[in-house]
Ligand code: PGA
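Here we start with a single chain on its own, the form predicted alone, put down as structure tokens.
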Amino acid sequence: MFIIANWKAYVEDFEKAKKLVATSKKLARSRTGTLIVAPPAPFLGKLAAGNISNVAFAAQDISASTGGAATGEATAAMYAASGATYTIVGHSERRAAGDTNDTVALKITRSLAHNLTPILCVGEHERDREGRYLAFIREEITTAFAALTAKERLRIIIAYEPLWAIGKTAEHAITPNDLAEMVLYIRKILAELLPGKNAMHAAVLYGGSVEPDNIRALAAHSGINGVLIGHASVDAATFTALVQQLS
């Protein structure tokens, strides 16, 4: 079970960042699975330095550039050198800032070239009765996989983040049944893209709103392999409660 803590830009104080990592390391010692922390870029190198714990580190995003004359860009090579082993690619907030499906595909290629495991975020803005959102998600996935070899495709982690469910309370978030249907649909797409029966073993995560009150039901009845947690991951007490529900 993957648990990914995406701190976004909520943590601006390095002392708080260290305390959150310490909490994550403590939680990782008492559970199986993979716990990944995605801190803001300026903190990642210092937090990951000399890391020998069960906590892994991820970049929240990477540049599509390979370096050179690209002021302000942080490349896959830089993140790999800083201690990251995963990258979040195609997050809804980065797509809203201009990343297209083609840009996301390029960033995945850059990640894999430096042995970083991509966490590909996909998801619809809203659900229409005609089911056009299904084609939207299919396009996000197929474009991301198009230029990859069969071996590279096996490394991709999918994080489904329906934008309409983000920020909602557990009562109004996605239901376990609806999530289960989407996980099956994503695996159906992956079955067309991955060799053999690998689609059933691919990691599919949920990246919508989760709370201690709904995370266990979502994980138990949907077929997901983990969660991508945003704002709730920067509150130590809430994050601890979420992790304990999945342990």
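All residue numbers refer to positions in the sequence shown, first residue = 1. Computed from a prediction, not measured in an experiment: that's the story for all the values here.
Below, we turn to the form predicted together with the ligand, even though it does not appear here.
You can rule out all but one of 158-166, 72-80, 94-102, 127-135: in the model of the complex, only 158-166 has residues with a heavy atom within 4.5 Å of the ligand.
Heavy atoms of Gly226 never reach within 4.5 Å of the ligand in the model of the complex, leaving it off the interface. Heavy atoms of Ser209 reach within 4.5 Å of the ligand in the model of the complex, making it an interface residue. Though the partner is left out of this view, Lys16 does not reach within 4.5 Å of the ligand in the model of the complex, counting heavy atoms only. Although the partner is absent here, Lys25 is not a contact residue: none of its heavy atoms lies within 4.5 angstroms of the ligand in the model of the complex.
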